[in-house]
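Below you'll find only one chain, the form predicted alone, shown as structure tokens.
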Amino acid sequence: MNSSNKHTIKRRSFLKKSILSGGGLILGFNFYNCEADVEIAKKAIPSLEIPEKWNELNAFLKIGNNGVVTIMSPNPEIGQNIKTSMPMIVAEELEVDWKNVLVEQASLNTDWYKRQVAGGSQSIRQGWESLRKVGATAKQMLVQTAANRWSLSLNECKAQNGIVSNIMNEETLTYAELAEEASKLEAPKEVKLKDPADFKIIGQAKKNVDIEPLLSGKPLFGIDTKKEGMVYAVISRPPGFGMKLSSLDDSEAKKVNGVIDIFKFEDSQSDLRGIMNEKVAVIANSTWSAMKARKALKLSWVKSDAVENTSDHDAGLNKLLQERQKEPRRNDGDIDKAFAEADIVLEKIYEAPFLPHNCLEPMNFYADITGDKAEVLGPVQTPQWARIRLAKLLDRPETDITVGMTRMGGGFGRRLFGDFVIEAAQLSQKVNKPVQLIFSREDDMVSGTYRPASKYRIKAGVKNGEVTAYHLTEACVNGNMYDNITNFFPAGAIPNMRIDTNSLESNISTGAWRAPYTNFLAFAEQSFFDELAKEMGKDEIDLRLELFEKAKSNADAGYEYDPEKSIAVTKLALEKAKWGKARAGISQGFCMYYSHNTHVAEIADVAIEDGQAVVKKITCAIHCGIVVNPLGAINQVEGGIIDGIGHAMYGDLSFEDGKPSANNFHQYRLIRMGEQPEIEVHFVPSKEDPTGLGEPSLPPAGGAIANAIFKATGKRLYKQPFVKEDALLG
């Protein structure tokens, strides 16, 4: 086995004790406290011998008596590779050899860890400095211990690869020899962090620490959970929004072998709209029995609220596009005057449908709620919020509730909401047994949260060859774009700019979907600027570069993106994609977009083959600060691009009488393996702190493809999915 692959050992026991060390270092982890755990660890990591004794230096670190180091990964692992990259940051400052590192997934502990959330592409960005300090603090404590033994100052000792050296006579002590004594020291209040030029682990490609268990099918995901005495639960929920249960006949269902109980229950906490929904739970000794019994239920559902149709949403959004807010989200200059004086006025409308999240692993969660304990475990992006809601549901202090985190088979925003955590806890409390709640694929798609359907009306005015006015109007089901998005491009680049946002209220559950709002806005905005450039008789790249330069000279305008970085990724993408160098049968489209603190430029190569538009290649240039793990970073960028292509071209969901148009993949079109283009990723070299990476590569994909398709076919695209507009996309 490659020595750079490290594995997460299955966690069978958590906290046995906790001690506050002076200076706030928290001690007391004991994960390998039984022979079975040690055997599992040895088999999972044959290159490392599990220590007989661990010494805890802080909430993140344990050092074994043989030099093996365990580093805790505090944030939920959703496929964004933070379970590898966050410990890399700690290990870098600790000065240990990565091949001697084990990684453990931490449970929720708000006293020890901050922002244990997977969302907004912020885990590395928010944890960067604190993780470095964790490693640097532990290193300094180890070096101080060695210095004390040798009666030397800190400056007369140095640490490298888990060894402290006496620079006076080259005497050495290993971390293993120092750890127990070091753990008793008071933590230093100030530590020196490494110069990025001296990094040895950060910036090096490291394989996913879970790669071997993932490839061999080891139980890492919530859906794999099995506990002694556990039963399984499935739920029948309303088949459409605006419907309620009117009658239940469970006589046939109860005859299914393995069924333990069937009952109705309701709550408002698991419904994101706060609506009291009555549901039917089936409890059984297997998922097969539970699902078979659910099929045998005879249920009647009746209308309780408005049962909405996509045609209703469409009409409502169109009306909202014509409305202005009394207080716009942004209002620079005087757009009415600028439009009145303009030589050219261009106005277009862009439309996007609802989208489900479609995580590979359907929603699931384990709960064991008794009079003595409240323990939940599973895949959730917001464990702290889940615990807050559980405390309210169970009428218990948050400190009495244990929330464990498993690896997630996708999230994309769906697992932010934790409705499944609440349901699992309710069912466990009701049957007084440990319960594993399981969603089927149909449950996931029919009873989920959705990216809201939305429309954008974009209008620009041109005077004397300059863009002088820009008006963006948003109409969105159940929401408005986030405040910071109003500070994205072209803010600062156009003197007269207004943004209005209008919400269409709906009883359909909507929520964050990977790169919220920007996942569609990037296509609308950037294909509009391509069309505007053509109307102005300008090259589309030249127009953008001119606008970036204008923003540079207007730095006090209040915008979030960095024009210099926008220019840098634009030029890098142009160079790497060989922009403008004609190739037979290839048309290129460009899109630059800033989101999640990161600048991304993408160029799509599109060809017409057998009458079909085919995306052949995406070239991506990205400025995300220091790249912690290039291997994981490339995977993240590629995944975002593929997701962006697939949903821009094919993703579609509508509603009829409150019911979604698709309940499984035979009805819902995703990108197929053969449709994935070649992807080439280039990072702008940087020594700045890392920014977001899980989401920023998704938004530009749709815009780049739409602009390339125009060049290939002469047709502008204004609606997603693109297949609805162009038969060439089939």
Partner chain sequence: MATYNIKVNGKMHKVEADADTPILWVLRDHLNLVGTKYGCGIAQCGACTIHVNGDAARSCSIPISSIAEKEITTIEGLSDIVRHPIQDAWREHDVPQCGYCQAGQMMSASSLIKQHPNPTDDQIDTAMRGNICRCATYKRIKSAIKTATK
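Keep in mind the model is a prediction, meaning the values are calculated, not measured. Positions refer to the first chain, counted from 1.
There is another form of the same protein, the form predicted in complex with the partner chain; it is not shown, and what comes next is about it.
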Can you pick the stretch from 499-507, 122-130, 358-366, 478-486 whose heavy atoms fall within 4.5 Å of the partner chain in the predicted complex?
358-366
Contacting member of S454, Q636, N519, T598, with respect to the partner chain in the predicted complex [4.5 Å, heavy atom]
Q636
Just to be sure I understand the contacts: of V191, L214, A187, I260, which is the one whose heavy atoms reach within 4.5 angstroms of the partner chain in the predicted complex?
L214
Could you tell me if K83 has a non-hydrogen atom within 4.5 Å of the partner chain in the predicted complex?
no
Going by a heavy atom distance of 4.5 Å, is R672 a contact of the partner chain in the predicted complex?
yes
Quick one: is L393 in contact with the partner chain in the predicted complex, heavy atoms, 4.5 Å cut-off?
no
So, in the predicted complex, is A59 in contact with the partner chain at a 4.5 angstroms heavy atom limit?
no
Contact check, 591-617 vs the partner chain in the predicted complex, heavy atom within 4.5 Å, ordered by sequence, gives none
